[in-house]
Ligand code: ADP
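Below sits a lone chain in structure tokens, taken as the form predicted on its own.
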């Protein structure tokens, strides 16, 4: 028996219609060099239509890839909708990628046109001569395109000016590609993930009901870059809801962010721990309180000290988990109705429950056998769902997917009896010492709880007896540079972790290297370690 319901296509065109028709007066605000750009969803809709006409005149047709090399701004949001709603594919480019990786992803995706923020022109100019498929560049600036080496170069505003403010949007199949994003390429070449209209719509539904919970009444400040996994879906979700959106452009320093939060009435934001660590330092120095502000933290595990510090400033911190391959949000620290306030901290320091639509299981790292949800047994997270990819673009790295259709994430976790996952490590970052596993993530979180420590990264280094031993790289807080010792760190850790987990060495550095998306870059740290004296002292 079949239902009486229609096969109504789930496409981003519905979100565009909904925001511009039902919430035309709501604002979209962007921080600028001087002042702020401010307009409404009604204005947004007209410019999206004008941009769609311009794309057509540039020769962009169904399925063509359009690259964006841009920060979080209103123009980038216009591209987020004009490109896929017209039937093409928006391909967000990460300006922090190494030049060879940026060239690879543009050529692999075969971007025909690239839209670039004026501040990122130098990044594009360095690689433009190696881009095989790109025939046109468009600079996103207020005036005419600047003179320079990049040719042919058009001005965004001149490109859309005078064009009709309505567009005959084509009928789309919900399985048509809407967007694509590449992994950050920390190990080998980046891999492409292609999101459909259907997956993007369902992901937006999922994050609004899955515990992250933005509403139409919220004012959203997406700090996570729009060039990384669609800013965790928040531009789509916020537009669907008709919520006020505030974009920071490239100005992510704590002063600028705090001003935006206060002056624009921001109630909800999302970003990686490294951004929030800097904000916490500023809040501690200034005594600023952000009562009622809600913060979504993802990208890497949130240290307990960061959670505690932000909470003291009145911030309600929610943690989540996901990856480019999962669109990206797959789990969130939703509190169950029967849980008490005393349970809150323990729950929020985990990566959370799979959100509605996502299924999760654990598999033993070595044997592949399923692992029980007992809060102790660890295994690799495997997931599946309507916004979890089942392959990479061009079919690369097929071994990341199981024969029965699950994504092997590379994240190692345990899951408690309530269904909350807690990340232990990445499979490649686990430290095997004397036949036992040590979690670099747990060690890092413990070290960052020290009152004199700003950041800490832990890696395993070869050891003649124990196979590997942990070494910690630690950045002291600015006021404590030179005023914290290895002995002090080890003494602090002793009651917190098993004796054999204690690092064999603590190396103090000025900065922990970061990947293009703000995570600790352990590939670089391992290079540091390989050029340093090996750890040879026995660790009984």
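Residue numbers count along the first chain shown, from 1. Given the structure is predicted, the values throughout are model-derived calculations rather than measurements.
Although it is not shown, the form predicted in complex with this ligand is what the next lines describe.
Site residues 73, 234 and 256 are none of them in contact with this ligand in the model of the complex, judged by any heavy atom within 4.5 Å. Stretch 423-431 is the answer when you ask which of 234-242, 76-84, 423-431, 259-267 has residues with heavy atoms within 4.5 Å of this ligand in the model of the complex. A residue is said to contact a partner when one of its heavy atoms sits within 4.5 Å of a partner heavy atom; residue 388 fails this definition for this ligand in the model of the complex, lying far away. This ligand in the model of the complex is approached by residue 299, whose closest heavy atom lies within 4.5 angstroms of it.
Looking at residue 228, you'd find a heavy atom of it within 4.5 angstroms of this ligand in the model of the complex. Though the partner is left out of this view, residue 454 does not reach within 4.5 Å of this ligand in the model of the complex, counting heavy atoms only. Distance criterion of 4.5 Å from any heavy atom to this ligand in the model of the complex singles out 323 from the list 323, 159, 360, 113. Out of the listed residues 378, 440, 184, 219, 184 is the one that sits within 4.5 Å of this ligand in the model of the complex by at least one heavy atom. In the model of the complex, this ligand lies within 4.5 angstroms of a heavy atom of only one residue of 349-369, namely 351.
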